[in-house]
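Presented as structure tokens, the chain that follows is alone, the form predicted alone.
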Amino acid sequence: MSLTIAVFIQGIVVLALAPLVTGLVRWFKARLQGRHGAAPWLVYFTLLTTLKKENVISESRSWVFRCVPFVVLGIALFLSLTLPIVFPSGGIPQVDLFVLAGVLALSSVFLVLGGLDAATAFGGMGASREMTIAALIEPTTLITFATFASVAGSSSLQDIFGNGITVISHPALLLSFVALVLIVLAENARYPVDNPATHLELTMVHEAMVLEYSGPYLAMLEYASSIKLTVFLLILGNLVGAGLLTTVVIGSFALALFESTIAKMRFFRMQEYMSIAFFLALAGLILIFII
């Protein structure tokens, strides 16, 4: 299979699966909590319905507010095409692992700008919290990625995720894998860092920044969140040697089970959460050079 075809098919697969992953997480969570829950594929209809609605935008909003959904969705599409998560040759070649960290940070920056441009109390609060979390998570992300790059002997995404590197390839990768799981939860605004299903002032982070969006813009942001979650689940699945469908089903169930058994952490304890991830990642990197 040629590189172009592999990248194209991978992009189609990820884009098609993304809403289903979000729907599965919600459905599993409802079942675990004793509720019937909506069908997993309802997310597709919800996105289409939101897409048909009208954008309601205040005249005080600048071009930044309108630009954010396109940038965030574009970054999500970039992730789905760059990482070799469906096929070993499915990603765009010659993309550096640390470029990935920068792109993830860029997505957070634009979400923050959108929240600030809304000029509301909720938007400013969410933007402030998001930047605090980003400042805590970026060092951990870089150290975790550096560990995988050290094992692969290259910082290329193709060399790391396309050559079959798993957590059993090197004992130290187990610590980095756990750190990556904690990073994935924070990057995707999941428990215990954030609650994606609430609009309560005390708990909102991501939802506070997108609260002023509606219509197609809101659909784009929600779709981007689904793509990002799917990409990260597939990364974790590849690192444990799981297949595509296994990763989607087991990963969605594991996330739903995790979120159904713990409470959201207080925001002012985020440094404790990210400190655990940081020292796990650092220990993994040190072990790479010792073993």
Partner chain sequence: MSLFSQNLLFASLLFTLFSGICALGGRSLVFHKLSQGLLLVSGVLGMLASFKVLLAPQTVLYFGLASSEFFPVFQLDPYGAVFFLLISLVSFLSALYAVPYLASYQETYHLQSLNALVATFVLGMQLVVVSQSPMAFMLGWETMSLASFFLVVSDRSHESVKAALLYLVMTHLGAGALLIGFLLLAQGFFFADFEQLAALAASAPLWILSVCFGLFFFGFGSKAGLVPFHVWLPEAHPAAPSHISALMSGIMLKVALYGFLRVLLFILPPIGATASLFILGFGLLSALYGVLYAVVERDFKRTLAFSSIENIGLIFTMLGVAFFAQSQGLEGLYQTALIAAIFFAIAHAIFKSGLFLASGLIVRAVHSRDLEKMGGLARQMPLFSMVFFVLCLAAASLPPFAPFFGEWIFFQSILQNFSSQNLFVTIVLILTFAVIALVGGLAIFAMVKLFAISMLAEPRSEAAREVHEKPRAGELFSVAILAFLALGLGLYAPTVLSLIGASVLVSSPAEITVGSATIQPSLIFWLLLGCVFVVWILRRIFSRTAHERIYHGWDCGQPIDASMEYTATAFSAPIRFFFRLILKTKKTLVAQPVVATNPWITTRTATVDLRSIWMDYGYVPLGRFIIGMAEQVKKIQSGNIRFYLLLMFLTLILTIWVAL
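Residue numbers count along the first chain shown, from 1. Here the structure is a predicted model, which means the values were calculated and not measured.
Missing here is the form predicted in complex with its partner chain; even so, the following discussion is about that form.
Q: Non-hydrogen atoms within 4.5 angstroms of its partner chain in the model of the complex: do V231, V248 and S260 all have one?
A: Verified in the model of the complex; spot residues all out of contact, no.
Q: Looking at L17, L280, M270, L24, which has any heavy atom no more than 4.5 Å from its partner chain in the model of the complex?
A: The option sitting close enough to the partner is M270.
Q: Under a 4.5 angstroms heavy atom criterion, identify the one residue in V167, V99, V184, V178 near its partner chain in the model of the complex.
A: Contact residue from the list: V99.
Q: Although the partner isn't part of this model, could you tell me whether V56 comes within 4.5 Å of its partner chain in the model of the complex, counting any heavy atom of the residue?
A: Although its partner chain is absent here, V56 would touch it in the model of the complex, with heavy atoms inside 4.5 Å.
Q: Does the 4.5 Å heavy atom contact test between Y217 and its partner chain in the model of the complex come out positive?
A: Looking in the model of the complex, residue contacts with its partner chain include Y217, since a heavy atom lies within 4.5 Å.
Q: Since only the chain is shown here, I'm wondering whether E207 would be in contact with its partner chain in the model of the complex (any heavy atom pair within 4.5 Å).
A: No.
Q: Does its partner chain come within 4.5 Å of any heavy atom of V240 in the model of the complex?
A: No, V240 is distant from the partner.
Q: Which one of these stretches, 61-69, 232-240, 26-34, 249-257, sits within 4.5 Å of its partner chain in the model of the complex when only heavy atoms are counted?
A: Residues of 61-69 come within 4.5 Å of the partner.
Q: Taking its partner chain in the model of the complex, which residues along 114-143 bring a heavy atom to within 4.5 Å of it?
A: Result: L116, D117, A119, T120, A121, F122, G124, M125, A127, S128, M131, T132, A135, L136, E138, P139, L142, I143.
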